[in-house]
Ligand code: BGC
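As structure tokens, one chain now follows by itself in the form predicted on its own.
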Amino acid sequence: MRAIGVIPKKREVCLFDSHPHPVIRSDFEVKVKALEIGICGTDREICTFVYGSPPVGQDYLVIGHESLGEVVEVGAEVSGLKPGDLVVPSVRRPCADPFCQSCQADLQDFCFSNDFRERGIKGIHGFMTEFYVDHSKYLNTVPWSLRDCAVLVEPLTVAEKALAQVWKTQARLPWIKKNAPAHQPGKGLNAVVLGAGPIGILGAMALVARGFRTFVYSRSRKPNMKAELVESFGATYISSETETPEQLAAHVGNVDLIYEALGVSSVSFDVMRILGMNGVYVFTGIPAPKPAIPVMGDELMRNFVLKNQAIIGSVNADRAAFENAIKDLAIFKKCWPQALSQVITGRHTLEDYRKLLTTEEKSGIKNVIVLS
């Protein structure tokens, strides 16, 4: 069957015509027909050969980790899934180290050994192919009412996992206002999102839905498509070309939360300086290796200590993040259907892979390959 992947030793990005068709080999496995695959920055970086490792004994890696599929066959011991169900798979698979308590507890996002595998990224083929087989525990059921946007579940889990860590971190404080509604615990708090890509926009939606007064800080000047989209669901868009971080802070007030969805260290550390009293800063971006940058270390260190700030990193993987993303997508579709639909700006065929993965120019917000 057809698949898109890379051959790292040859530094080639290819459309394969003879990737093996998968078969169920365990009673707990499920065969899935791929419907849509989202393209993200990780896929593009793998195609520059910064990272990305094939399965052991193979010379190529099928990429793609933002998948929406339809169940076509289930193993004898699978429960809760049946042919015709829509599913979104998780990405990271636990390590085999018996001493890794995280992976033993199905929290492979906190793997201690670093020997985890990630579909389409590290040591196991991804989903940019016509069919795949996976263990049922890694598949998350999505209602058909979300068919048109469910490919966004995996990128939204970045924000869901980050917010889960934020709530746990800020449990050290009486951070949630006493009069905040249960469904909007961020009421009365200010959040800044760095970046207006899909991870940033979906994260901003999640923050607005939880009651945060939300600001998206991105490069391009207004008016632009992303600014209009951001402001259509109640966030405020501010351009870094018109306001410095200091001016942003004056505009926002106390910055209670910064959600980094940019992956650019120079900007991220510059904006870190405006994090407010008792604030929390969460990193989600993974910059490619680059030369060292200067950082205002003394100012940052003073702020960390004197303002009781917390800095955390977050990687998505656990089932709870996927379940929360599916719930939130339903909320977004109900509250902001037009804005949500605008996040996906292009649907393409497999044959379009080269322009989507290897050209320097990025177009739109989220591009998707449609397989069926």
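Numbers for residues come from their place in the sequence shown, where the first is 1. Here the structure is a predicted model, which is why all the values come from computation and not from measurement.
Keep in mind that the form predicted in complex with ligand BGC is not shown, yet the notes after this line are about it.
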**Asked** Want to guess which of 114-122, 67-75, 136-144, 169-177 is within 4.5 Å of ligand BGC in the model of the complex, heavy atoms only?
**Response** 114-122
**Request:** Look up in the model of the complex whether residue 315 has a non-hydrogen atom within 4.5 angstroms of ligand BGC, and give yes or no.
**Result:** yes
**Asked** Does ligand BGC get within 4.5 angstroms of any non-hydrogen atom of residue 260 in the model of the complex?
**Response** no
**Request:** Examine residue 160 and determine whether its closest non-hydrogen atom to ligand BGC in the model of the complex is within 4.5 angstroms.
**Result:** no
**Asked** Does at least one non-hydrogen atom of residue 154 fall within 4.5 angstroms of ligand BGC in the model of the complex?
**Response** yes
**Item:** Sole residue of 339, 40, 47, 35 within 4.5 Å of ligand BGC in the model of the complex, by heavy atom
**Value:** 40
**Prompt:** Of the options 128, 202, 91, 192, which one has a non-hydrogen atom that comes within 4.5 Å of ligand BGC in the model of the complex?
**Reply:** 91
